[in-house]
Every structure is written in structure tokens, then in C-alpha cells.
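Okay, so we've got a single protein chain in two different forms coming up as C-alpha cells, structure 1 first and structure 2 after it.
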Structure 1
């Protein structure tokens, strides 16, 4: 009798996890993978759960829960960010770690997949409380991570400063400055300035390549960007710079829409100053406090760059874009994916479109290991080359072999095949 995975009950019923498993099963079927192999792939190799108690500024103790999921290490050390959000569940963390396995494999990086999370709204913490929480979370998982074991990075709700504390906490325990344990570190601690822009830049790049294939280029195409965090901001900025017309931008408080095109630089400024794009004003701009409506605007390209599950069976019929480029992880549900495919809408999947962050992380990590530095231009041009090549390879293979399916399925099939081959070669399966 097969033993049950002891920690599976922590995530098995989670809808985000189930979505990740359904995607895995569909592609595994096409690859002809046996059920027992799928069973191995659907569970993380390790799931770490930790309790983090901090002293609030009021003097009261408060406990938070944190996780690190190490999904698969066939291709290399686990790699992936740490998310701070009130909605974090172990199921979400496991799903995200599985997506990292496919994302790294698809990008051709020597990494497996991992992801961490702490159930906390970081905006409710003072800077001192945030530092205490970050150091304690990292100290709690420190024995399970390392430059050649598991290499965390930022995700939703974390940033280079948090990475600086992680790096320091680990280095104190290790007894040496362990540059390679974290990526997207502050520039002063061995990070690359361009890491901050790299996920959004990569999303813009994927949109550029897809637009070349589908419409002959970006020039004059209208774009709506859902979510204006690190990914949405730089996706919008570069798309506008490269000739697209960014007509709508949202954040959690609502959206702004100008059919003639928004001044992206000015929206970025208003967001930085007031934390709400809805405070932006220019002639002809419409403002709404329902950010979900942005997804239904009449545009050529839609970039969902906020969170999971925003394009669902409930709103997919009203989505009008012809091209969707996923900046967020998991923004389209599998039912919605099918409807979009049937309508002829091309969805560039998250594991391809938003790989710019982790590709730049690899550039940072490998240079830290060699003890040398890259200029910003060198780093960006490397990212551009790697992602452009990869996008076109995946797109062409999709068209050639799997065009009956959404592009996501082709991306998954290519990624899963690489992981399974590595597992076979290592003698694991």
C-alpha cells in the first residue's frame, strides 16, 4: 500500500492548489505520463510550516503562520519568492511552488521550484515589526534553505529591503556573507538595480513578441493593465515606451481609463505619492472604484498583473481583448482558459510571460557566485535575449504540435517533459 503524504491535508482541498493539479493532469495526459508519476509531481518534496511570534509596538505578542514549499529539485536548487498577504494559505504556497518548477524548467534555468508565504498584511506592520517578522521567518526556515539548496526572492508583499534582512539573518547563522542565498537583494548587497524592473519588463517583452506574431507589432495597440504593483508598473511603462497605447490601469481601489491613452509616467507618480491610481486626473480620464471592470474593456491586449483567479467563468464572456499576457501567477482559471481558446483569444501563460523576475534572479545569483558584476545594460540585454528566444521557441512549438490546445498547455507540456526527463536521468522514477 502506498503511504499517504503526511502533510497533504494542509493543501489538498485548496482551490488554487486544485487548479494547479488540474493543469498538471491535463498536460500529463498529453505527454502520456503514468498516474504514479503524476502522483509524485503533484506533491511538494517538502512543506515547512513555522510559527512566527513577534512583539508588536504596543508590547503585545502576536503569532503569524508561515510556510516554505519545496516542490521539485530535479533540475537544481528550489527557487521562488516569499509572499506576505492576509490571504496566504498552504495550498496557495504549494501551488505557487509547483508553478515555479514549471517556470524555471521552461526558462531553461538550473533550478527547481519553491515558494514561501506568511499570512500577514504587511501594511498593518510598522517598519520595526516588519523587520522582526522577516528575520524570525527566515531564521525559522534557515536550516532548510541555502545558496545551493533553496534560494528565496521577493513576491507579492515583499521587497528588496525584506531580502536584505533575510540575507543578513542567514549570513549571521552561516558565519559568512552568503550572497547566493537570496536574489533580488538591494543593490548595495550584491543585487542588480534592474531586478526590480525585470518581471514587468519581461511581461512587456512577451507582449511585444506575441503582438509581432499576432498583429505585426505593438504599435498603436491598446492595452489595459490590471494591478499596479511592481509587475504592472514596469509592464505598462515599457509597453508605452515601445509604441502601445496604455488606456487603462487599476489597483485594488479601482481603475482609470482614457480611450486616447494614459500618460503612464504620470500615473506612476500619482500611485507613488498617494497609493491609489484613482487619484490620477487628466483630460478625458474616467475613474471607477471597481477594478474588476477593467478586465472587460474594449482593448487589444489585457495584462492581468495582480493576483490569481480574476478571469473566471463569471466574467470571461465579457473579456474583449484578443491577447492576454499574464503578469500575475494564475490569473485565469482553467474554465476561462478554455472559453478564451474557443473564442480565438491567445493567452500567454504566466509561467512564460512573467519569468523575467526569476531569469534576472538567476543572472544575479550566477554572478554573485562568480564574484563579478554586470552593468545594467548587460543584464537587461541578457534577459531580453533569453526571454525573446524562449518565447519564440514555445510559441512555435505550440503552433506546430499543440495548436488544438491553449498556449498554456503547450508551455506546461514542454516544462513537465523537462522535469520528468531529469527525474528519470537521476533515477528517481
Structure 2
């Protein structure tokens, strides 16, 4: 069952949405955009609410709410993940779809921003219940998505298996195998294995290019990685392979630190076996159960890849890194961002640094639509070229035009300007 809901009634008072709007307004002021243009940009083009009723294994019926926000399609079809979490709200989904618009625009992709979510704790569902929920959610939004309309992908609480169910459900309703309706699918259904590594790989690429600009190169520079999930693991792996010295790694249980450098592959193995990096042992390693301390270590490069709001006004003065590359979404608060800029610290913002996932999704989608498949080597090579080119283009424009502001502000200005120009060319504003 699908309901169309009035704009603003569900999301305007949400703090996450308000943060996104404040960022939009700050960038709009720099661009000199009129208030009526900002009013257009701050609302999604469509917000879809769906009701999903499943039968639990106990035989009891249970109803969940889900949403899909389609923010802006000036540059192309909507693109963005679907998350399953108990904390999902309409405001969060709208804000995330707005950020996806800017991320896709900044990356030069032919996409607008979209985002979906279901308010559910997927860990409380059996596999059968999870499949029923996923199929019914996607069936409910099926008329609003498609290979040329809106292309979902995984996010928090979802994975390639869920994408496989989405793909199958849509294909049954459409009457043909709709390869391009979903990205980050299982490899057997047209996905790419390297999609798993692409976000962390892209973060490492951003760090590599920023280090070339600031330090003359990555070789021998010390790195601390805060958060060792998918993004942190692959960021650390590739930074170490490219000559950086990864000296500290954390997860939610604590961190390990060796100023002479950690064996990243061994830390990955310990994390996989024990679910805690603090079980890693080697000579010279310090272990602490306070993962927040890692943010204040004396390193050249800090990669916050865990959760939002970890670098704040309360600890920013103790941050010693000269370069921060954001793997997580929103790890640095606006107040801390300004302090870091005043200190001369370069922060590569999330919408630039962690765009590897959506870039790889575009690579998968474009080849699915043409009916051809890439090798992993071809896909990684294309990701490397696209991320490297885009980073240097954004960095150079920041230095030439917007160096009085943190790089994040410049990135938003560049992205919003691209969207506004597309809207004007199409006669929308």
C-alpha cells in the first residue's frame, strides 16, 4: 500500500533535516541564490510512505512503516540506498536524499538524490521474515522506481541479498529481468564483487590525492583509522599498500596503537575472528578500550570511518592530524570544521571522500543497462580514474575560489551550483 504524503508535514522539524537545510542555505548564500530557489531545493520532489504488513513466524501480523524520498532529478534518475533501522524517520530519509543529490553532482554522475528506509531492527527478523519485508517494501514502491527513474542500493541494515530480493520482486512485476533497477546486487545477478571494497577504496584514493597536494605524497605518512567496518578496513588496507604507515585502528570496543606501524592484514584477520581489534597483539602495541582517544593521536592523517559527530567542539582542539579524510557520513560537526580550518587542517568532506560506493554503483548500473559485464580489474581502474580526476578538480576549484572556507563548504557550493545550472537549463527555475 502506497500513500502520498503532504510535503514538510513529516520532516521539517527533524534535526537531521534541519542540519541539511542549514548546509544548503550557507552554500546558497555564497552562490547568491534567491530564497525562492532555496525553497525549491530544500524539499524533495516526492516523498513516498508505505505500510508493510508481514506475518511473523509466530503467526502474528506486524506492520512496519517505510519511506522513499526522491529529492532532485535535474541531473538524472534518483540514486541512493535503503536502510533498515529502528531509528529511521522521514526527516532522516529526506536529509539523506538531499545529501545524495549533492554527492552525485559533486562526483559528476548523471544522477539525482534518493534514499529509502524502513523503521525496523532487521536483527529481530528471521531470514524468511526479512525476505517477506523486503519484497513487500519493494513491491509497494515499484511504480516509483526503475532503471531510468530511481535506482536503490544497500545502506545500513541491508546487503546484496536484500538487493537480490528487490531485483527479483521488481523483475516479476515488470515482466523482464530489470538488471539496472538495483546496484550492489550479488555478483551472480549482475553485481560487482569490488562494490564491497569501493567506498573504502575511494576514501584511500582521496587520502592519497590529498597527501600528494599537501605533503608531496603518501609514502611514510602516519595514519589513524577510527572505525573498522567495511569502509575502515579497506581504507586502511589500501593506504598501507600504497606506502602509508597505519599506526592506529579502532572499533567500538577500543583501539590498538603502535607508533612504528601495525600489520593491517593481521588486524583485519583478528577483527574477523574475534570481532574486536583490541585482541590484536604484537610487540610495541598499546591497547585501550576508549576508541575516542584515537582521534587525538599524533598522526599525519586521520580517517574517521565509524559514526557521525565524533570530532566536535569538545575535542577538536586536541586533534593533531594535519589531514582528515571522512569515511563516515558527518563525523565532523560544523563548529569543529571551522576550528580545524582556522588551524590549517584540511578536511576532505564525506560527500567527496566516501563517494566511491556511488561511483561504483554507476559503473555497475551503466554496464547493466548496456547488457555487458566488467571484470573487477576494469571496474577498479575506472573507479580510480574517476575518483582521482574528481578529487583534483574539486580541490583545485576550492583553492582558486573558496579557500576562505572549509573544503566542505566549497564542495557543497560546487555541487549545488551544478544542480541549479541543470535546473535552469531544463527550465525548472
Ligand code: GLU
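Since this is a predicted model, take the numbers as computed values, not measurements. Numbering follows the first chain given and starts at 1. Here the rigid core means the biggest group of C-alpha atoms that line up within 1.5 Å when the two forms are laid on top of each other.
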* To do: Kindly point out the structure, among the two, that is the form predicted in complex with this ligand.
  => 1
* Asked: Superposing on the rigid core, do we see a C-alpha displacement of 2 Å or more at residue 72 between structures 1 and 2?
  -> no
* Asked: Quick one: core overlaid, is residue 280 moving 2 Å or more at the Cα between structures 1 and 2?
  -> yes
* To do: Would you tell me if residue 248 moves between structures 1 and 2 by 2 Å or more at its C-alpha, with the rigid core held superposed?
  => yes
* Structure fact -> After superposing on the rigid core, the Cα of residue 259 moves between structures 1 and 2 by an amount in angstrom of 4.1
* **Cα displacement of residue 316 between structures 1 and 2, once the rigid core is superposed (Å)** => 2.9
